[in-house]
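Listed next as structure tokens is one chain, alone, in the form predicted on its own.
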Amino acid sequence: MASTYSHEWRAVCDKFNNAQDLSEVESRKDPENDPFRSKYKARELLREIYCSLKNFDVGENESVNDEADQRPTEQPVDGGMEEGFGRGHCGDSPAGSRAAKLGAVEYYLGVNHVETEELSAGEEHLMNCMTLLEKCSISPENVSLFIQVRNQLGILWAGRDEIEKAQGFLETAEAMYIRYMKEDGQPPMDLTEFFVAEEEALPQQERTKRFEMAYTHTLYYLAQVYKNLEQYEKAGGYCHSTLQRQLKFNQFIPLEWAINAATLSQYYITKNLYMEGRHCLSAASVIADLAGEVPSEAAAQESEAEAEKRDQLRQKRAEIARCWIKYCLNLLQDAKKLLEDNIGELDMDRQAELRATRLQEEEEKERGRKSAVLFGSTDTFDSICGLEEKVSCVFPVDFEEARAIFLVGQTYVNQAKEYFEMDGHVTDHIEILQDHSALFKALAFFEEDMERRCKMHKRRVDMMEPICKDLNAQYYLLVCRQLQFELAETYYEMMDLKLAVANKQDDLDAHTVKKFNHLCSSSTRFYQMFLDSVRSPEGKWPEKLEDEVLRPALVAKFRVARLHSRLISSSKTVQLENLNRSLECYNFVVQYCKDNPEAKSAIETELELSEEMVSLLPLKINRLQANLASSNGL
């Protein structure tokens, strides 16, 4: 190989620096009608470098053919354990150095072709790099190249939806890093250092930073691969490791990191790992603040850059707030599932049992898990821990504990609504309102006083009903249906609560009867609005309900039947009308399931009760008709 101090070698190094500058700096200035101009120029320089390297002497006793003959007898197979890693040329030998330099040029040519959307050519160059490296044993001189070429091939095959192939390359890159750090561990050369003079070599600290960044990318790409393979637990673990390393090595963009951490929290929540979920969200909130203050409206009006920054900061922080809402909501809802009895009420025995065991269990879990999940540096750790302390990560067992979680969730509801306003963010705003309503619903479960519980449901009605009335069903049909059904359910729950209260009274006064009937009528009205939305524009009921509305529609019919039978009236004529309407709805449910037997599994409980009522109600109606006839005859 030509001396690193020769004129020819200096020319090669200059060409490489020019190629890097064209690819990374000048390419950003390329016009839209010629977007790859600088990339193509860089490619030509890389080809010239490759030719120059091929023409340099290998050494007195080595030749190109000798190198080809000295390949490892067992070549590395990506996706498996690499038995041949210790074989081949040493990385600091003339032959090993030449192979690595040629491989580096092939690597950069491969990346260049991929960036100019010439994937097949890019793959060919990257595989040429792999072939050259097979002649070498892993060493500080080449380990970065070993790993980064596999990273690029992993990205390329993942982009083609060949996920298993991507997995093989990336898992091998991971294994190489682990083995190198175990057997050697010294900061390795960076790819750019193949083409610099010794005095221009990178400091050890910079080498470490770049090498660790390459491995962080390996873990990040593996997280995506495992997600695509639906190996969600593995994906979550790799995502968490990626985020930890980005903080550790200060290789992150605050808002991007924060959103990724907040997104990861949602995975932990689905697995009931609330300590981990809370930690991710606390870290997300703290790191998002590193992006700076939100520019004022006045500043945004004067500068386009400030306006863009203001919008981005407000949006990302609102998105993190929405993840906090989901955390609080799921924690309350999961606690409810643990504590409710078979009729949906608080089970006192389960409450006492959970209260007695949860503290010890959570302490044991925290000791075992916390050391593995912590984020943060010395600058942010205290802030993250401080935010964690403001909300529990254990299931609440009573109203006071549930209320503390509810209030945190409600704070984030208000934060999220500041950005996701109704004007301009209709769907997002309504989803936040629905989550707010769900928070009230979950909190109401823990409230023992039925009147206070009823007031919580009234808050839900007050926030949703105005939106439901103003929303245009032509453009927001799905959202309208969701609101209609939820309002109907909320009034239905209030009716049940009022009924429970009324059953404890000896006599019902006129005000109580009026209130009860209003709740029944309101629930019926919204169920009917939902059912009407299923009809055709001509008002006809479909012969067969779509899957997404099958259960809701039949449940709505069932509940309308029950609501009609619950209405209180002193008039026997009105009572008879209500019972006939009730029977009509029960009959609809039964008949629909006879005509469409596949629907039975969707509403087994409601169908069984409907069939029972279809047999019982006619007797009650006949008795009432007889009494009415008798009364009219007097």
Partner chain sequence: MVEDMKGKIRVFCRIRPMSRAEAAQGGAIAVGRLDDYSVTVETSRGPREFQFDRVFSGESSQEDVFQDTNRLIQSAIDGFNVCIFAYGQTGSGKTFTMVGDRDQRSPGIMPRAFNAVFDILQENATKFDFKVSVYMLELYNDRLQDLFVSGAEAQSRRVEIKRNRKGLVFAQGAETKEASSAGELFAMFQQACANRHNAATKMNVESSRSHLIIGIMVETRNLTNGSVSFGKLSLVDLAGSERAAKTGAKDDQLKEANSINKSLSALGDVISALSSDLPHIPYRNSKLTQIMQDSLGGNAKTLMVVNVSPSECNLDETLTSLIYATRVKTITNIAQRNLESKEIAQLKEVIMKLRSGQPVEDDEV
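Positions refer to the first chain, counted from 1. Bear in mind the structure is a predicted one, so any value in this text is a computation, not a measurement.
The form predicted in complex with its partner chain exists for this protein as well; it is not shown, and the discussion that follows is about that form.
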Taking heavy atoms and a 4.5 Å cut-off, does E48 contact its partner chain in the predicted complex?
no
Can you work out whether I343 and its partner chain are in contact in the predicted complex, taking contact to mean some heavy atom pair no more than 4.5 Å apart?
yes
Can D21 be called a contact residue for its partner chain in the predicted complex at 4.5 Å between heavy atoms?
no
Might T573 be said to contact its partner chain in the predicted complex, defining contact as any heavy atom within 4.5 Å?
no
Is it true that S285, R403 and D509, all three, sit within 4.5 Å of its partner chain in the predicted complex, judged by heavy atoms?
no
Its partner chain in the predicted complex has a heavy atom of only one listed residue within 4.5 Å, and of K417, H113, H217, R358 that residue is H217
Which listed residue (K326, K165, K498, R179) meets the criterion of a heavy atom within 4.5 Å of its partner chain in the predicted complex?
K326
Among 97-105, 228-236, 383-391, 518-526, which stretch has residues whose heavy atoms lie within 4.5 Å of its partner chain in the predicted complex?
228-236
Looking at its partner chain in the predicted complex, which residues in 239-276 have at least one heavy atom within 4.5 Å of it?
C239, T242, L243, Q246, I253, E256, I259, N260, A262, T263, L264, Q266, Y267, I269, T270
